[in-house]
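Only one chain comes next, encoded as C-alpha coordinates, the form predicted alone.
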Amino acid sequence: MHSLSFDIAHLFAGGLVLVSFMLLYQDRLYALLNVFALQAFVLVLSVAWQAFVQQAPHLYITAAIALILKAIVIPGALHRIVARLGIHREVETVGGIGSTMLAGIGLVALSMVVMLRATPGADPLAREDLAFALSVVLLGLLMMVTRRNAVSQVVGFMSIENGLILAGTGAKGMPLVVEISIAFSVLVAFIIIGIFLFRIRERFDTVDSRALDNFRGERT
(Lines give C-alpha, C1' and ligand atoms only; values in the text may rest on other atoms or scores of the structure.)
Protein backbone atom coordinates (compact mmCIF):
# COMPACT_ATOMS: atom_id res chain seq x y z
CA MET A 1 0.00 0.00 0.00
CA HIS A 2 1.19 3.50 -0.81
CA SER A 3 2.55 5.25 2.26
CA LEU A 4 0.21 8.22 1.77
CA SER A 5 -2.82 5.92 1.75
CA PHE A 6 -1.49 4.23 4.87
CA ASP A 7 -0.95 7.57 6.63
CA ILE A 8 -4.42 8.90 5.75
CA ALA A 9 -6.05 5.69 7.00
CA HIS A 10 -4.16 6.08 10.27
CA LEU A 11 -5.12 9.74 10.46
CA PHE A 12 -8.84 8.89 10.35
CA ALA A 13 -8.56 5.91 12.73
CA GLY A 14 -6.46 7.92 15.17
CA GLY A 15 -8.92 10.80 14.85
CA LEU A 16 -11.68 8.45 15.95
CA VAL A 17 -9.72 7.63 19.13
CA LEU A 18 -9.10 11.35 19.71
CA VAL A 19 -12.81 12.15 19.39
CA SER A 20 -13.54 9.30 21.83
CA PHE A 21 -11.39 11.16 24.38
CA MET A 22 -13.38 14.32 23.59
CA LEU A 23 -16.54 12.37 24.44
CA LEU A 24 -15.05 11.40 27.80
CA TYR A 25 -14.15 15.04 28.49
CA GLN A 26 -17.62 16.50 27.90
CA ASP A 27 -19.70 17.48 30.91
CA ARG A 28 -22.69 18.95 29.01
CA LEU A 29 -25.28 16.79 27.30
CA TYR A 30 -25.73 18.89 24.16
CA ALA A 31 -21.96 19.19 23.70
CA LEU A 32 -21.69 15.42 24.21
CA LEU A 33 -24.27 14.79 21.47
CA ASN A 34 -22.49 17.18 19.09
CA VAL A 35 -19.15 15.43 19.67
CA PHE A 36 -20.85 12.08 19.09
CA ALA A 37 -22.06 13.36 15.70
CA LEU A 38 -18.47 14.46 15.00
CA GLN A 39 -17.22 10.97 15.89
CA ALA A 40 -19.72 9.45 13.47
CA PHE A 41 -18.57 11.85 10.74
CA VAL A 42 -14.91 10.86 11.28
CA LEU A 43 -16.02 7.23 11.07
CA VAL A 44 -17.71 7.99 7.74
CA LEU A 45 -14.47 9.48 6.40
CA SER A 46 -12.51 6.46 7.62
CA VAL A 47 -14.89 3.94 6.03
CA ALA A 48 -15.04 5.89 2.76
CA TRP A 49 -11.24 5.98 2.63
CA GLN A 50 -11.07 2.24 3.27
CA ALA A 51 -13.55 1.76 0.41
CA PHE A 52 -11.23 3.74 -1.86
CA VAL A 53 -8.02 2.03 -0.73
CA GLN A 54 -9.45 -1.50 -0.78
CA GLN A 55 -11.43 -0.80 -3.97
CA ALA A 56 -14.50 -2.16 -2.18
CA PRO A 57 -17.59 -0.26 -3.44
CA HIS A 58 -19.89 -1.86 -0.85
CA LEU A 59 -18.05 0.05 1.87
CA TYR A 60 -19.40 3.29 0.34
CA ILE A 61 -22.86 1.99 1.25
CA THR A 62 -21.63 1.37 4.81
CA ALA A 63 -20.30 4.94 4.90
CA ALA A 64 -23.63 6.32 3.61
CA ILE A 65 -25.60 4.36 6.24
CA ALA A 66 -23.26 5.60 8.98
CA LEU A 67 -23.60 9.18 7.74
CA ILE A 68 -27.40 9.11 7.71
CA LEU A 69 -27.99 7.10 10.91
CA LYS A 70 -25.01 7.83 13.16
CA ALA A 71 -24.13 11.40 12.17
CA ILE A 72 -27.61 12.84 11.50
CA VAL A 73 -30.63 10.78 12.62
CA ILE A 74 -29.49 9.43 16.01
CA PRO A 75 -27.83 12.65 17.32
CA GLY A 76 -30.88 14.63 16.17
CA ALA A 77 -33.25 12.20 17.88
CA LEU A 78 -31.20 12.33 21.10
CA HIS A 79 -31.35 16.15 21.02
CA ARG A 80 -35.16 15.90 20.79
CA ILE A 81 -35.33 13.35 23.62
CA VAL A 82 -33.22 15.53 25.92
CA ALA A 83 -35.38 18.57 25.11
CA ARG A 84 -38.72 16.76 25.48
CA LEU A 85 -37.80 15.00 28.72
CA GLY A 86 -36.26 18.16 30.19
CA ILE A 87 -33.23 16.14 31.25
CA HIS A 88 -30.61 17.86 33.39
CA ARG A 89 -28.08 19.31 30.96
CA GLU A 90 -24.94 18.44 32.95
CA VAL A 91 -23.32 15.01 32.70
CA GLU A 92 -22.45 13.66 36.15
CA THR A 93 -19.51 11.27 36.32
CA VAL A 94 -18.31 8.58 38.68
CA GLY A 95 -15.00 10.11 39.82
CA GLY A 96 -13.44 13.15 38.18
CA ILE A 97 -12.79 13.87 34.52
CA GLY A 98 -9.03 13.71 35.14
CA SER A 99 -9.07 10.18 36.54
CA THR A 100 -11.39 9.08 33.71
CA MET A 101 -8.99 10.48 31.10
CA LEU A 102 -6.04 8.73 32.75
CA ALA A 103 -7.99 5.46 32.73
CA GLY A 104 -8.74 6.06 29.04
CA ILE A 105 -5.05 6.55 28.24
CA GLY A 106 -4.29 3.28 30.03
CA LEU A 107 -6.95 1.45 28.02
CA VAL A 108 -5.59 2.80 24.72
CA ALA A 109 -2.06 1.67 25.67
CA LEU A 110 -3.43 -1.74 26.63
CA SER A 111 -5.26 -2.01 23.28
CA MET A 112 -2.11 -1.21 21.33
CA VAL A 113 0.05 -3.69 23.22
CA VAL A 114 -2.49 -6.52 23.11
CA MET A 115 -3.57 -6.14 19.48
CA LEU A 116 -0.13 -5.50 17.96
CA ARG A 117 1.37 -8.48 19.78
CA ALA A 118 -1.59 -10.75 18.98
CA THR A 119 -1.48 -10.10 15.21
CA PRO A 120 2.22 -10.00 14.19
CA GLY A 121 1.63 -11.67 10.81
CA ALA A 122 -1.45 -9.69 9.76
CA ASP A 123 -1.61 -6.88 7.21
CA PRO A 124 -0.01 -3.77 8.84
CA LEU A 125 -2.99 -1.52 8.09
CA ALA A 126 -5.51 -4.09 9.35
CA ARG A 127 -3.69 -4.81 12.61
CA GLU A 128 -3.23 -1.15 13.48
CA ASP A 129 -6.83 -0.37 12.54
CA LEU A 130 -7.91 -3.20 14.86
CA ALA A 131 -5.79 -1.69 17.65
CA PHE A 132 -7.48 1.71 17.14
CA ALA A 133 -10.90 0.02 16.93
CA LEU A 134 -10.33 -1.84 20.22
CA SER A 135 -9.34 1.49 21.79
CA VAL A 136 -12.62 3.09 20.66
CA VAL A 137 -14.61 0.10 22.00
CA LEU A 138 -12.89 0.22 25.41
CA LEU A 139 -13.29 4.00 25.66
CA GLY A 140 -17.01 3.55 24.91
CA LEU A 141 -17.25 0.96 27.67
CA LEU A 142 -15.43 3.35 30.02
CA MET A 143 -17.99 6.04 29.22
CA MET A 144 -20.87 3.67 30.00
CA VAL A 145 -19.29 2.79 33.36
CA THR A 146 -18.34 6.30 34.46
CA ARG A 147 -21.51 8.20 33.48
CA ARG A 148 -24.61 8.34 35.67
CA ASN A 149 -26.96 9.79 33.06
CA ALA A 150 -28.78 7.23 30.90
CA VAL A 151 -28.48 9.37 27.73
CA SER A 152 -24.68 9.57 28.06
CA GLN A 153 -24.62 5.80 28.59
CA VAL A 154 -26.54 5.42 25.32
CA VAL A 155 -23.87 7.55 23.61
CA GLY A 156 -21.21 5.23 25.07
CA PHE A 157 -23.07 2.24 23.62
CA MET A 158 -23.24 3.88 20.18
CA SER A 159 -19.53 4.75 20.40
CA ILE A 160 -18.76 1.07 20.96
CA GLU A 161 -20.66 0.27 17.78
CA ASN A 162 -18.56 2.86 15.91
CA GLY A 163 -15.45 0.98 17.04
CA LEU A 164 -16.90 -2.29 15.78
CA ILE A 165 -17.60 -0.75 12.36
CA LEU A 166 -14.00 0.50 12.21
CA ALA A 167 -12.78 -3.01 13.05
CA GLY A 168 -15.06 -4.60 10.43
CA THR A 169 -13.95 -2.30 7.62
CA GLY A 170 -10.25 -2.40 8.58
CA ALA A 171 -10.15 -6.20 8.82
CA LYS A 172 -11.62 -6.54 5.29
CA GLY A 173 -13.92 -9.25 4.05
CA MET A 174 -17.06 -8.34 6.02
CA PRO A 175 -20.07 -8.99 3.74
CA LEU A 176 -22.36 -6.06 2.95
CA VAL A 177 -25.40 -7.89 4.31
CA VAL A 178 -23.67 -8.21 7.71
CA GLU A 179 -22.83 -4.48 7.75
CA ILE A 180 -26.41 -3.54 6.88
CA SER A 181 -27.76 -5.97 9.50
CA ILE A 182 -25.54 -4.41 12.17
CA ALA A 183 -26.63 -0.90 11.17
CA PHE A 184 -30.32 -1.71 11.40
CA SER A 185 -29.80 -3.68 14.62
CA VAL A 186 -28.29 -0.55 16.13
CA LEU A 187 -31.22 1.51 14.85
CA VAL A 188 -33.71 -0.90 16.43
CA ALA A 189 -31.69 -0.90 19.68
CA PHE A 190 -31.72 2.90 19.65
CA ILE A 191 -35.51 2.99 19.22
CA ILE A 192 -35.98 0.54 22.10
CA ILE A 193 -33.59 2.55 24.29
CA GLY A 194 -35.51 5.72 23.44
CA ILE A 195 -38.79 4.11 24.48
CA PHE A 196 -37.22 2.95 27.74
CA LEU A 197 -35.89 6.44 28.40
CA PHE A 198 -39.40 7.89 28.06
CA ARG A 199 -40.83 5.18 30.31
CA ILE A 200 -38.10 5.62 32.95
CA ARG A 201 -38.59 9.40 32.91
CA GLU A 202 -42.34 9.01 33.36
CA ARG A 203 -41.95 6.46 36.16
CA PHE A 204 -39.08 7.92 38.18
CA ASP A 205 -39.04 11.56 37.02
CA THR A 206 -35.32 11.23 36.26
CA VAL A 207 -32.86 9.26 34.10
CA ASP A 208 -30.05 9.41 36.67
CA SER A 209 -28.84 5.88 37.38
CA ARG A 210 -28.23 6.76 41.06
CA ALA A 211 -31.95 7.48 41.56
CA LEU A 212 -32.76 4.10 39.98
CA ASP A 213 -30.26 2.38 42.29
CA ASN A 214 -31.79 4.12 45.31
CA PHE A 215 -35.27 3.02 44.26
CA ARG A 216 -34.06 -0.56 43.87
CA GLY A 217 -32.51 -0.39 47.34
CA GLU A 218 -35.81 0.77 48.84
CA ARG A 219 -37.65 -2.13 47.23
CA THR A 220 -35.24 -4.78 48.60
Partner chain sequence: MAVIADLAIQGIQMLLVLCLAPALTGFVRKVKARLLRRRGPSILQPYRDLWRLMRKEVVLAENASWLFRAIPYLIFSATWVAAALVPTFATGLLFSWSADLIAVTALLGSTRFFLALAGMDVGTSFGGIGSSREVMIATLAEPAMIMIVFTLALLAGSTQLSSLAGFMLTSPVGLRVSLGLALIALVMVAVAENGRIPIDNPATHLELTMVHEAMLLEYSGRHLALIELAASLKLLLYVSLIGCVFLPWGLSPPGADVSTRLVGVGAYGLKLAAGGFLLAFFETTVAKMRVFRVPEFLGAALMLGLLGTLLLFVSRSL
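Numbering follows the first chain given and starts at 1. Because the structure is a prediction, the values reported are computed rather than measured.
The form predicted together with the partner chain is left out here; the points below concern that form.
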Open item on the list: Please identify the residue among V114, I72, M101, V94 with any heavy atom within 4.5 Å of the partner chain in the model of the complex.
Closed with: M101
Task: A83, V145, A109, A118 - the one with a heavy atom within 4.5 Å of the partner chain in the model of the complex - done: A109
- [ ] With heavy atoms only and a cut-off of 4.5 Å, decide whether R127 touches the partner chain in the model of the complex.
- [x] yes
Task: Residues within stretch 18 to 33 having a non-hydrogen atom within 4.5 Å of the partner chain in the model of the complex - done: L18, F21, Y25
